[in-house]
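The chain below stands alone, shown as structure tokens; this is the form predicted alone.
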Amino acid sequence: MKNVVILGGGVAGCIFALKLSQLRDDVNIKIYEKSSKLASRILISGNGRCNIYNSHFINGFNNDKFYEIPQKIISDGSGIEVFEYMKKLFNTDFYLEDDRYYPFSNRSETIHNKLVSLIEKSKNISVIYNYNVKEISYKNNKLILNKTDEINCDKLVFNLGGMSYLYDKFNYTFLDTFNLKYTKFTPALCPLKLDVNYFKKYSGTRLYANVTLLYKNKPIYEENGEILIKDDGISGVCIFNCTAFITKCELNNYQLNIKFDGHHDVKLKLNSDNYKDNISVKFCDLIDSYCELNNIELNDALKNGLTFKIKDLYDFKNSQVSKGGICIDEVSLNNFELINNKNVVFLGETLDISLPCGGYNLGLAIIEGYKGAKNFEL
């Protein structure tokens, strides 16, 4: 029997374990999970509805440069293959809403409960809960965890996640152990702090808007959606998605443009005579403050939008994912083994692939786990 150890019971690691157990009966699989629950990210996906996949994994990404790595990962047809696998695995079908797939139950716990049940019933998967991995030594198929626990390990799988939500501070020595190139994590899919000092007065104001992220004054991402004014910045799904394309060390090169031009197929031509009929009083006041402080004519602001400098990202506890991790050229996109060490696999958020909201991150984790197991080699 071959021994496979998975450090971290996230979605990618769980799918890897299940798929491998289905394909091979000559492996013992152990999952070490630091909490008392596996794959907990599923439970908060889609605000509890489980936005588990995106149709672009099936139809492709239209050569968008920001999706170059995911496109390479699914270029073998695995995006379609994984979607069919999910239907069988979870014994359900999925419905499509704005490119996003949800289970027919519309409830995250149905998917989570099924996944955990399948793992617990598997004859060759065991889970060690509440085990916090702090130190690792791996050499000649001998894995030593926390200096005390020695384990025979033919294949080591990292699924340790990043630093978002309530994750501990990431231990980069795990990556240094294998001499890997990586970028330290920064928050992503989170609100933005803007370089303004008058937003607190308008905090809580919601509005549908066209949001454009600018890099060195050139647009690099655009989306329509609801925004929420906060004391020191701005939130909303479209804002979260902008952060997937921001490199924190270059914050001074980014700007955010907010333009109100209607929503839900209703287009408006706003001017100084009619804008107060279509926008909330608080947001009208915010526009007036913006014009006064920036010495801009009201009609120009309504036509061109409000442009703000980005001051910072919100912290990790307010982020949905972590941006950064191992440089993608360190692993094979076929099975996510390290190029320089075939006995080590990296899955999930530890890989430096940043994607927006919409089932991309959860879907990619499932694809990685599936491909890692399907193309497993020993």
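Keep in mind that this is a model prediction, so the values were computed, not measured. In case it trips you up, residue 1 is the first one in the sequence shown, and so on.
One more form of this protein, predicted together with a small molecule, exists but is not displayed; see below.
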For this session: Please state whether every one of the three residues 10, 44 and 132 places a non-hydrogen atom within 4.5 angstroms of the small molecule in the model of the complex.
Result: yes
Exercise. Is there any non-hydrogen atom of residue 341 lying within 4.5 Å of the small molecule in the model of the complex?
Worked result: no
For this session: Report whether the minimum heavy atom distance between residue 362 and the small molecule in the model of the complex is within 4.5 Å.
Result: yes
Problem set entry | residue 334, heavy atom within 4.5 angstroms of the small molecule in the model of the complex | no
Exercise. Is residue 59 close enough to touch the small molecule in the model of the complex, meaning at least one heavy atom pair within 4.5 Å?
Worked result: no
Exercise. Which of these stretches, 341-349, 65-73, 305-313, 326-334, has heavy atoms within 4.5 Å of the small molecule in the model of the complex?
Worked result: 341-349
Seminar exercise, completed: Answer key, the small molecule contact in the model of the complex at 4.5 Å (heavy atoms) among 215, 245, 167, 199: the residue is 167
For this session: Report the residue, out of 160, 258, 194, 190, that has at least one non-hydrogen atom within 4.5 angstroms of the small molecule in the model of the complex.
Result: 160
